[in-house]
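What follows is a single chain, given as structure tokens, in the form predicted alone.
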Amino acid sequence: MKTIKDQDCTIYAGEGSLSQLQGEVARYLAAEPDATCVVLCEQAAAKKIFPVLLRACPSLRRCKRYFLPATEAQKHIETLLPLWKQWADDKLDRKTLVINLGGGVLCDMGGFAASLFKRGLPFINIPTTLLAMADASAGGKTAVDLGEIKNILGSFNRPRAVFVDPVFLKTLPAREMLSGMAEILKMQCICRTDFSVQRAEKIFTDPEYLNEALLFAIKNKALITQQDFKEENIRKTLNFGHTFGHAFEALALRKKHPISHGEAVAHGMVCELYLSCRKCGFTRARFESFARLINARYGSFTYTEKDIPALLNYMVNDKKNKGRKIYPVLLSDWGKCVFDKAVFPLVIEKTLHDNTKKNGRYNA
């Protein structure tokens, strides 16, 4: 087990890290007279993940439990209103410690709910998916969507602690694992100047290397967010693949054929590397090698020419943009990010058109 500091948040990562939870909760309750603790759990996965939590921290059996339908389609304030009403009825106060147990959507929503209720409750995150472990474990972002626009309502608010224990990965289906691998791959692309596609392939085939890469992702995300908590500078690099990826994710949700966040980011990285070749001198050979890896592991994301205006609209409305200009994260080389280069929508549209065309459909 490793301990990583993200400012005033402690991240316990690795085998057995969940065993530290009982002590963390006990220290909080001892330090805060009349404090209580509650658990907010992802509804769909509760039967699989809740017993794991209680085995590691038996004292939580006495805690009040709440369950949230935490899917991307339900990641809205309206979903949180009944929860806030329950919290008000149960008289939760500012000393109530909220333990968020679930995937990335649950951690986002639970952190957001705790941040707003009575102007802020302390919370702990226990990510239970590989994606959440790689992405939501560090950085202190909380958010919900507004309509089809992702994560546009949110706050920066670090949890007291995060527990990243691979014991939960035993409950995950293969597609969920692939989703998390995309975020781990993203961190390799933006942080490793010695990145190679050949070595990256081991993320998908070598469990030991995957664990190393997960720890690398958590450590480096914590380092980046310590330098730039409010996303005014270097933290923007963490959005590599997300400008296009969020648009793909929103379009798929609208068409009622949802894809996972990780799948969307994987396809988004391909598009942003293609744009990097045009705008930043990223080599075509490296782009093609990476694109082949993504295509082999994630297939392709298809969209029609009629979908391009909607994709552009999603990107223009992205929270990171200014005016009508779009700011995707580009790479001049592996580990060398360009995050402040404005790209006009016409250039983005050309990128979307330039993807492989087949039978009137485009493949990202």
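One-based numbering along the sequence shown. Keep in mind that what you see is a predicted model, and the values were worked out from it rather than measured.
Another form, the form predicted in complex with a small molecule, is not on view; read the next lines as being about it.
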{"query": "The small molecule contact at E272 in the predicted bound form, heavy atom, 4.5 Å", "finding": "no"}
{"query": "The small molecule contact at G147 in the predicted bound form, heavy atom, 4.5 Å", "finding": "no"}
{"query": "Partner contact for A136 in the predicted bound form: the small molecule, 4.5 angstroms, heavy atom", "finding": "yes"}
{"query": "Partner proximity in the predicted bound form: G103 to the small molecule, non-hydrogen atom cutoff 4.5 Å", "finding": "yes"}
{"query": "Interface segment, criterion being heavy atoms within 4.5 Å of the small molecule in the predicted bound form, picked from 202-210, 275-283, 149-157, 290-298", "finding": "149-157"}
{"query": "The unique member of A132, V164, I124, A113 whose heavy atoms fall within 4.5 Å of the small molecule in the predicted bound form", "finding": "A132"}
{"query": "Listed residue (L97, L92, L83, L172) with a non-hydrogen atom within 4.5 angstroms of the small molecule in the predicted bound form", "finding": "L172"}
